[in-house]
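Next up: just one chain, as structure tokens, the form predicted alone.
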Amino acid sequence: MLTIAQEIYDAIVAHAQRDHPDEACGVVAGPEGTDRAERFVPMVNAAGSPTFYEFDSTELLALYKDMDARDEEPVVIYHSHTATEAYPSRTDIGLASEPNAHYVLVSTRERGNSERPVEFRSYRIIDGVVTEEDVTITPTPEHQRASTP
């Protein structure tokens, strides 16, 4: 199961909305071995495409060096689908190289840049096998304060 803070969820969805009609992509880093998605890192889709994403190799190398220096790992690797459901494509499965990561897909096909709800789903992808997992969104302090009477 993926447990993610409302603030991180909102940031991923906002990135997907902002980049629509192109696919958005990024990483949420967390302390090694903890499965805690803590640091939102939006990336540039080097492909600049509505049907494909590709991390910029220079940006990705810098991110991995930074995560290494902070004793972090990629807890979530996310991208958006702009015209299809939030399910990994064959290409997505082939690119999945982090067996401990949660692969999050956000579909903006129904929403685009509007305020309608998005499809937000998480998967584990190990050796080409896709397993969908539940997502639990926890309130961040701002959301807790906002909902307190």
Partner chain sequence: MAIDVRIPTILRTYTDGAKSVEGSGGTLSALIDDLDGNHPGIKDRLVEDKSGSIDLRRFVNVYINDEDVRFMGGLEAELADGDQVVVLPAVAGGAG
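Residue numbers count along the first chain shown, from 1. This one's a predicted model, so the numbers in the text were calculated from it and none came from an experiment.
If you look for the form predicted together with its partner chain, you will not find it shown, but the lines that follow are about it.
For the three residues T51, T91 and L95, a heavy atom within 4.5 Å of its partner chain turns up in the model of the complex in every case. Though the partner is left out of this view, P99 does reach within 4.5 Å of its partner chain in the model of the complex, counting heavy atoms only. Within 4.5 Å of some heavy atom of its partner chain in the model of the complex lies at least one heavy atom of E32. Using a 4.5 Å cutoff between non-hydrogen atoms, I77 counts as a contact of its partner chain in the model of the complex. Proximity of D19 to its partner chain in the model of the complex falls outside the 4.5 Å heavy atom cutoff. Contact residues in stretch 63-77 (any heavy atom within 4.5 Å of its partner chain, taken in the model of the complex) are Y64, K65, D68, I77.
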